[in-house]
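This document starts with one chain, in the form predicted alone, laid out as structure tokens.
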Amino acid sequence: MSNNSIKNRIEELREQICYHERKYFINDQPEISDQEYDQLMKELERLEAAHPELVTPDSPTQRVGGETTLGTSVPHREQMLSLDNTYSPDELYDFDQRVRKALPDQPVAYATELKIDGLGVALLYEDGKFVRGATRGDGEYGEDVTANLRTIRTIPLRLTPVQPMPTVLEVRGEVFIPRDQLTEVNQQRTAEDQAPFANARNAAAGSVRLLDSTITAARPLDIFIYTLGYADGIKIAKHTEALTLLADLGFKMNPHTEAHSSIEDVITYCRKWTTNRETIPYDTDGIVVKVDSLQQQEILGTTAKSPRWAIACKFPAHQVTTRIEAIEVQVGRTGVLTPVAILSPAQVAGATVTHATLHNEQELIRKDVRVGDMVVLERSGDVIPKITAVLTDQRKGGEKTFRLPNHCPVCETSVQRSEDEAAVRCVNVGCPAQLKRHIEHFASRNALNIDGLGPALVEQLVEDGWVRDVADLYALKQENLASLERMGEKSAENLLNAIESSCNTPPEKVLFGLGIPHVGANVAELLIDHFSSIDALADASTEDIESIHGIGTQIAESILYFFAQPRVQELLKRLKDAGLQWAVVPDKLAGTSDSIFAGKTFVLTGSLSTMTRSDASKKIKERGGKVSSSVSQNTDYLIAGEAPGAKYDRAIELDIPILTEEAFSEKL
């Protein structure tokens, strides 16, 4: 065969295989036998092996393999927003009233769909070929998991051509594992002496984030595409029309999506699936309601986190009855003692639950929880175990009252009780339990993101004396780690690389990782935006800190107390010497002092045509400005795109200067 003939045959085989994969995996209508499919694939593999220069990323042979780039952050074409939740028909009526108030005298239709309980992802296609897949992340940036998503047979590597064909397309979907197949996976894991997955959501998320795509390929992952995120060169009027287009392009769509002309029909749909949720072979935790008209969606706009044109109606939590066998006390990273109920194993929403927090001593007394009590257990949002009621009428007289001890169960130090807060604390800063929790927090994804430093390894490092505070992590050697249980040379090398990489973590995440009480991720970002460095924050007064919008006296006093401690000052010096990012990198501040954006607060509303709102926010911050989600007296400018929402009216009311997109671009 000539080179041209070989190239044509390879392309013909790819088209045939992609067609039959769609018929088998997506349409459930196979047209050829497994043997015939295998013959086509083997011929393609043989030709590509002989002509590697003709191999392309969208070839069916390339589903498994390629470099896994976990930890790499990539931008979404459009922000992936979360949804507000409702739990009752009354709240759905309220949602409908808000929509109709914003769209006076306009007919409103809704689209409803099942809310799949899995891992949300964004899939990017260019010229009909799958080029990138990412997790939701923070909504603006996600983690690159392309190599692992390629292994999912229901994700097309090349799209079915339609007219007109979008040159760039980003779609959103939910990766999941069917319940019966999760059972098989867990049986295999148990046989291999591995811990079973707690639920299908954890199994899907864990499988997509594996470092080895060949293991991902062996997992029974599936996907439903639920919306069109971005499309270049296509005009669509309705969400339901977009779903039809996505089906035509070859994506797998959930068959239970419906259109409704009234909120009463939506509520009927919700009630039907509340009753029938167990009849489908995958986990769902509610339904999603969307305004069908895309033009009306634009008018309604979004809040900082959620669209005003969509809402999730969550199913009631699963509940079971079980017994409290014992109550144990856990010590957190800030020294707080938390009572935890040890339960008779109970199956709740597909997971075996053996523990549930009792929060604090006051809650323990208020509910009169006793060892031996029968209790009602639910998983809040089908995730977090929660005791909702104590069945006092089932007591038999042998139940025992429990109170938190007067001494820390780990270090025996006297605990501190205060009338100002519910928490009971161990005040020994050297308490091993606090140290372990603090290291876990420091290494967590939202802080220093040290991959591989989990609770079991932290336990070993502390117990063996290798780590006495978080700064010791940066003095670890490979020979120290390799001697630990289940820690070989390769694992030790990977961990040391992750620790070294954490030195590039931005200062707001370092500040969050320090674990200052009341300083969460958002507060840490506000503080670094204002002071630009951890040193400047450490030298700040209460008045300086309280001057930041959104930060009050409690946070300011907590920060001052933290930095005033000699042991903290020594720890910070060692972390700084280890090379952690202590200040905003110079290029982020370059040119901001004389910028017209410096120190100004901006709010965005409506849709922008030349950039996404996340891009606009990034450009403002790079020039020293701040971006807020709401209009107030502190707002300096409102940037108004097409179809601005209520923020526009509020800005006019407060006489805030309004910039059009064109004027904003000129200022940039």
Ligand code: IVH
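On a predicted model such as this, the values are computed, not experimentally measured, just so you know. We number the residues from 1 along the sequence you see.
One more form of this protein exists, namely the form predicted in complex with the ligand; it is left out here, but the text below deals with it.
Only one listed stretch (458 to 466, 182 to 190, 514 to 522, 307 to 315) carries heavy atoms within 4.5 Å of the ligand in the predicted bound form, and that stretch is 307 to 315. Contact with the ligand in the predicted bound form, defined as a heavy atom within 4.5 Å, holds for exactly one of H438, R150, K115, K509, namely K115. Listed residues D144, E170, D292, E174 were compared with the ligand in the predicted bound form; E174 is the one with a heavy atom within 4.5 Å. Residue contact check for Y226: one or more of its heavy atoms lie within 4.5 Å of the ligand in the predicted bound form. Although the partner is absent here, A556 lies well away from the ligand in the predicted bound form, with no heavy atom inside 4.5 Å. Using a 4.5 angstroms limit between non-hydrogen atoms, P385 is distant from the ligand in the predicted bound form.
Although the partner is absent here, L83 is a contact residue: one of its heavy atoms lies within 4.5 angstroms of the ligand in the predicted bound form. In the predicted bound form, the residues of 118 to 137 lying within 4.5 Å of the ligand by at least one heavy atom are, in order, G120, R136.
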